[in-house]
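Here you get one chain, nothing else, as structure tokens; it is the form predicted on its own.
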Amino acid sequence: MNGVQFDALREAAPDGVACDGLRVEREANGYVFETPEETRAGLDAAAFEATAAANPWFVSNWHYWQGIEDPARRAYLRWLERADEHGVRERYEALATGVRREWGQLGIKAGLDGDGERIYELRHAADADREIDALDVRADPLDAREIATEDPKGRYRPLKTAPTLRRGWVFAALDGRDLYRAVDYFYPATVANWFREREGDLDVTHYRETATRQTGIYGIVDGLAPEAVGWLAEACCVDSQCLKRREWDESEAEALGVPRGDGEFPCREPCSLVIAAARKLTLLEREGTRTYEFELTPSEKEQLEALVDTVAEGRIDDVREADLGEGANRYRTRFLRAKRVDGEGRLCGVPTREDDRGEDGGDDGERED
């Protein structure tokens, strides 16, 4: 507790103070100072100051939280230090060494600076054990926008909540306001929606409602069949693709039988990337099925299945060139192409469409080049 904190407490006492077990009032016969451990009443000014000085954590804690007016930021910062799980003394002991939590791929450590004020460190969760000197130290929360723009390979990240955040940086000393800003730059609106969900105010817009309000080239997405909406969610909205926890379904009455994800923050409606994917898939789903006949060995069939799975799960880079036991191995795939794909790029030389044979077979759906 410092002089500023005590002066603020004394000024607030006539109106009453209540925070995390601390209660302070000014009554006709003196001050009341109550904590979970003791209650002292009828205190004169000197005794009141001495009692406050003997309970610095409670005064400092009250002073910090009463200065945060934004309810979402306040709730989030309290969540970071597990304020609803531990008492004030326990929390300050933990803050002295640092309290760590994860938010998506962000690792956040809440601690105390030399003056006993809260300070926050923000880095990639996978860099939790790296020394600060080995990281790119940042100070301006706005830098989070630049960090979040590209993935580790330098490619643009159209979905900020994809699990592709690059590593190697740290914001070493942020106050609560700047931490909140940086987190919002990394994962826009996630804290706000998390807070709305906690308060029971999260407004969820399901796929069908989102689809019916689309216009222009996206107006067709309402034509996607219910089972295809499930495949869409399975493709785009699981933990391996997005760190949000999906709360929307096909409609309010029809739930999707697809995992919702385990993320801390909710997804309240299909995002623009999902709608863009839905447009393409709607066009593809218009095509009628055809029967093709191929000659493949059992191992070649299994290899094609492994290729699909490896690409879908983003594991291509994990397949080593020397590991010829993997179906997605580059050399095995090139061998399969040399053996089974003709000079026109057709599997086993089988035409894909009637017009591939030079005939006027037409197309069963709208094609998009």
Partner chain sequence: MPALVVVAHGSHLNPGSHAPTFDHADTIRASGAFAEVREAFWKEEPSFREVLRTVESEEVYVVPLFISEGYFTEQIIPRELRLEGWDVAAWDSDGTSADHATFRARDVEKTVHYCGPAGTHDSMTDVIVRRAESVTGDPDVGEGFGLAVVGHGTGRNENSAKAIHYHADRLEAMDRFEEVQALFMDEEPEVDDVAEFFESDDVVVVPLFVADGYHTQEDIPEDMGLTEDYREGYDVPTAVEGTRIWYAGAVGTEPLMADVLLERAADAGADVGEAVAAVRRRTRGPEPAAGD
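This is a predicted model, so every value here is computed, not measured. Residue numbers count along the first chain shown, from 1.
Below, we refer to the form predicted in complex with its partner chain, which is not included among the displayed structures.
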Quiz item: So in the predicted bound form, are R181, K244 and L273 all sitting within 4.5 Å of its partner chain, heavy atoms only?
Solution: yes
Quiz item: With the cut-off set at 4.5 Å between non-hydrogen atoms, does R101 touch its partner chain in the predicted bound form?
Solution: no
Self-check item: Close approach of A173 to its partner chain in the predicted bound form, 4.5 Å, heavy atom
Solution: no
Quiz item: Is there any non-hydrogen atom of E49 lying within 4.5 Å of its partner chain in the predicted bound form?
Solution: no
Exercise. Would you please decide whether Y292 lies within 4.5 angstroms of its partner chain in the predicted bound form, comparing each non-hydrogen atom pair?
Key: no
Quiz prompt | Stretch in contact in the predicted bound form with its partner chain, which is absent here, among 142-150, 101-109, 84-92, 231-239 (heavy atoms within 4.5 Å) | solution = 142-150
Practice problem: Work out which of E269, E117, E287, D222 lies within 4.5 Å of its partner chain in the predicted bound form, going by heavy atoms. | Solution: E269
Quiz item: Between the options L283, L159, A255, L135, which residue brings a heavy atom to within 4.5 Å of its partner chain in the predicted bound form?
Solution: L159
Exercise. Could you run down 173-194 and flag each residue that has a heavy atom within 4.5 Å of its partner chain in the predicted bound form?
Key: R177, Y180, R181, D184, Y185, P188, A189, A192, N193
